[in-house]
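One chain comes next, on its own, written out as structure tokens in the form predicted on its own.
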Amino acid sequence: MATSAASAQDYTRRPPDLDRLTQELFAEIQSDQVPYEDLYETLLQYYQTPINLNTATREELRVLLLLNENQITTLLLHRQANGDLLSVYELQSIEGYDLRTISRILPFVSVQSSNLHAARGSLWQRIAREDNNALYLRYERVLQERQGYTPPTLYHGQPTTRYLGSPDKMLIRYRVSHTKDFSVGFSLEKDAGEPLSWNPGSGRLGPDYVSAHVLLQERGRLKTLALGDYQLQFGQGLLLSSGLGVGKGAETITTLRRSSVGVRAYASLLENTFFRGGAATVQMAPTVQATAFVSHKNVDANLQQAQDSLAQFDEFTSGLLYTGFHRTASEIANRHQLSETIGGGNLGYTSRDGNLALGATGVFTHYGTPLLKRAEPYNRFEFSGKENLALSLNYSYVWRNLLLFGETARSTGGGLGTVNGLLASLGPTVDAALLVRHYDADFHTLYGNAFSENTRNINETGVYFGLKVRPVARWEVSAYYDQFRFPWLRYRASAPTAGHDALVRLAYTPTKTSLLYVQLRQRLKPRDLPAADVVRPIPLPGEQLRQSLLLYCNTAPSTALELRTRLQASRLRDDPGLPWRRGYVLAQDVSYQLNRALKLTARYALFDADDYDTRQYVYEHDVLLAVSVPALYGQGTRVYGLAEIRLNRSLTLWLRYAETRYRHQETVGSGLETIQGALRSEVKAQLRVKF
């Protein structure tokens, strides 16, 4: 990995342990739909463009999710009283900064005396000289033949559906960036099954997904200018939220609040979480910033014609498609069928001492074809039509060791959404958090992602309590309890329901390189059960209860060898009186740094899950900038090996092989992903070329 130079510091930043940090942030992975790749890349980006502790604002320090409000306040006061830090080692003299905290933030921060952009030459010279200037080439493939790649057969006289492209997945990616200066990059990706085709008229330029961006910062009053693909995050994310958002996790305090980071460059491979067009932030006054943005792109949707002459719309779509796959004829037919235009802005005020921040955000969305959900009871209050206007106000205020924050928004039709919270450092070793949220059933936010139990901010009311205590050195207890209810019906919940989610984690850090913890979690979230005789004549929600246990041990017997053991187990019951179903996975990881040129990582895991509902998600080490979180169910073993080979100063090669071997199964997967046999194996190779 690259190491940026820092003029006023006399240490070499070590690469962050993103695997371990991710596992510390996330309490339990329960879905592969969460954009972990976006989070992973955001953390990596902070490593490649570290935050300057001598110029960082309170909001910029919060983004890291690794500092509490008391630590941020003491750092700002230290800077105010003593001037710029001379070295990161000076952090040890600041109240509240223990060795664990310093060790966690070191990869993401730097100490520089001033803005050195001018001294580094012109923009082109700065780009050419940047350490993280690199091109990535990636290839991956499943070795077994899947049904989607077999010759089509006839069904009722018609050929069956098959993938139109090869099973190869390929990626080309380039990016270079520098903190508060610039970011330039592009990405080209072809997923497995997608054909390569050149048809500029339909937006197909070889690979299926093409993304590019240019972002400039700190040009006088122009604070940020983004062209191409970008992300936005303001307030608590009710209207605009992207990037680093963890939500409920083992970090029970700092991850609760969203950071208002404004305009960010987008270089990820997720095909539906970005804006495309332009955005600019201007410093209107020393304490006032204004942001304006416009975005236009075509998104995937299945357009339908109304069969009833009295229907509300002649042509409509029942919803947007987010998979990003365009492998079959029907997926290609749905590709980029719906035009989406979004415009809006944010006006923000930050007091001179940084303690008070106020903001107002407006977002207007226009679709070329109306959205109309299926006529199901749970869709009664869903968004329909072509246009949606949403307005919000957000605030953040620091008083002593307390941080108050919140955002309230209203969308077209009158739906209200509000989220308000409090973070408190009750003492040097005790932190607490409280968050209250309410999202009406008719509150519509199309790019929002504020704190919630569901994946969208709609039809939900809840209260969250978080606590973190460090009773003695090296020990830490984290806990949260979240009570929520859904006043209207949901998908797979045919009645108003309520539930809770609770977690306790006890962590012990015997050394800087070792970590042990045990975690218990319980979540009650009602879900429909099928009709059954007179007891349940129609589908109604049962009290589905999930209980989970996680044991984790990370130790480094030597500087070259690292061992990680993970045991996670869960049991699930659909309703009181019904039987428990169970799943577990036991995984052992080994990493060995053979020499400066070669690092090997491997895992052997056993898993046993009764069904798909008790499947286990386990984070895996992958090539740089990639994330692997497979879902394991059934019985079997999961094995992978990864080699990181530094060929020379410019070239680094990653090679990865992974396989899942099932027991008592004759096929793997379903539908077009079906494999005949009990084995699924994947290979992946990535080359990084540094300039």
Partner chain sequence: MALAGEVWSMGNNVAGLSEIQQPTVGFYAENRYFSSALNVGALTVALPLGRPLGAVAAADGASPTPTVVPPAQAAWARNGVVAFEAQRFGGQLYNETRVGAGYGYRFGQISLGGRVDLLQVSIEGLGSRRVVLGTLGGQIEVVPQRLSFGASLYNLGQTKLASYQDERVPTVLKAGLAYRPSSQVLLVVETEKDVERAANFKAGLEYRPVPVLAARLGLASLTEQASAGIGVLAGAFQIDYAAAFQQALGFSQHLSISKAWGQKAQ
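Residue numbers count along the first chain shown, from 1. If you're wondering where the values come from, they're calculated on a predicted model, not measured in any experiment.
Quick note: we don't show the form predicted in complex with the partner chain, though the next part is all about it.
*Asks:* May I ask you to state whether Asn401 is within 4.5 Å of the partner chain in the model of the complex, using heavy atom distances?
*Replies:* Yes - in the model of the complex, heavy atoms of Asn401 and the partner chain come within 4.5 Å of each other.
*Asks:* Answer for Arg615 alone: is it within 4.5 Å of the partner chain in the model of the complex, judged on heavy atom distances?
*Replies:* It does not: once the partner chain is placed as it appears in the model of the complex, Arg615 has no heavy atom within 4.5 Å of it.
*Asks:* Applying a 4.5 Å heavy atom distance criterion, does Thr429 contact the partner chain in the model of the complex?
*Replies:* Thr429: yes, in contact with the partner chain in the model of the complex.
*Asks:* Is there a non-hydrogen atom of Ser548 within 4.5 angstroms of a non-hydrogen atom of the partner chain in the model of the complex?
*Replies:* Contact with the partner chain, no.
*Asks:* Only one of Tyr584, Tyr378, Phe484, Phe108 has a non-hydrogen atom within 4.5 angstroms of the partner chain in the model of the complex; which is it?
*Replies:* The option sitting close enough to the partner is Phe484.
*Asks:* Which pick from Leu216, Leu358, Val504, Leu467 sits with a heavy atom within 4.5 Å of the partner chain in the model of the complex?
*Replies:* The residue from Leu216, Leu358, Val504, Leu467 that makes the contact is Leu467.
*Asks:* Only one of these stretches, 151-159, 338-346, 493-501, 276-284, has heavy atoms within 4.5 Å of the partner chain in the model of the complex; which one is it?
*Replies:* In the other structure, the partner sits against 493-501.
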